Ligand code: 13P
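Below you will find one chain, with nothing else, as C-alpha cells; this is the form predicted alone, and questions on how it binds or moves follow later.
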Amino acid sequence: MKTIIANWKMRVGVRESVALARGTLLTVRGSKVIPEIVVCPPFVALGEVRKVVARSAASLGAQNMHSEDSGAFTGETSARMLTEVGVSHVIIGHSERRQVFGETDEMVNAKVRQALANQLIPILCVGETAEQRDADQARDVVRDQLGAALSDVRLRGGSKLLVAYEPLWAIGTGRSASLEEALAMHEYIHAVLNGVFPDAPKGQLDVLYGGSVTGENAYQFMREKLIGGVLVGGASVKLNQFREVVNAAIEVMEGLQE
C-alpha cells in the first residue's frame, strides 16, 4: 500500500475544497488498486469535505491541532473536535508550523501524544534546512527531531504513526531531493524508528517523502520500497498534477501485485 497525503494548506476556501475533494475521488474511479489518500483541507472546510469523502476511498486529515484537550486557547482546535468532524489523520510539526509559527520540538511531542491518545494518526514531519545539509548535519537534525517528537510516545495496538521526511530546502522551491538523498534519509529514519519502537508490527510505522512532489517525480519516489508514499503540497491543489501522482502510486501498486 502506498499513501498519498494532500496538504491543501491555505490555498482553497470551502467551495474550492469541496470541488477539489470531488475531483480527487474521480482520480481513482475505476481503479482496481487504490492507494490510501488523505485530504487535508483548511479547518473551515473540514465539515463540508467530510460529506464528500464519507464512505469513499479517501480519508480526512487536518493540517494542525492543539496539544490540550480544551481550554482558553482562542483560535485553536483540539483533537476531540477533529474526531467529531470525522478527521482520522493530522499533520504535526510541518516545517511551516515550525518556522513561521515557532513550534518547538516539545510542542510537537505534546501534539503527537495527544493525537494518539485520541485515536488520530499523526503525520509527523521532520527535515533539515539547506544550511544544515551543507554542514553535513542532516542526519543529526532529523534524529534529534524524531527523538524529541517521540519522547514518551507509546504505540498501542491499532494505532499508527506516519513520518514525513520533508527537507526544508525542497518545500515550495520546485527542487526535490534526489532519489539517492531521499533513500538514504528514509533508510536512516526507518532505523531510528525501529530503535524507538522495536516491537512495532508491520504496518504500524511508515515513512513518506514530502518536498516539491509533482506528477513528474512522484513515480521515482513511490517505486522504492523504503518510501511508503508522498506528502504533496502545491501539486495537490492542481487536479491534473495530483492525478499524475495518484496514477504513479497505482502503477507501482499494480506492479507489486504481478
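Only a predicted model underlies this, so the values are computations on that prediction, with no experimental measurement involved. Residue numbers here begin at 1 and follow the sequence given.
The same protein also has a form predicted together with this ligand, omitted here; what follows describes it.
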property	result
Among 89 to 97, 106 to 114, 142 to 150, 127 to 135, the region lying within 4.5 Å of this ligand in the model of the complex by heavy atom distance	89 to 97
Interface membership of residue 59, this ligand in the model of the complex, 4.5 Å heavy atom rule	no
This ligand contact in the model of the complex: residue 39, any heavy atom under 4.5 Å	no
Non-hydrogen atom contact residue 231 with this ligand in the model of the complex at 4.5 angstroms	yes
Residue contact check: residue 243 to this ligand in the model of the complex, 4.5 Å heavy atom	no
One residue of 161, 79, 171, 182 in contact with this ligand, assessed in the model of the complex (non-hydrogen atom, 4.5 angstroms)	171
Contacts with this ligand in the model of the complex, stretch 201 to 216 (heavy atom within 4.5 Å)	211, 212, 213
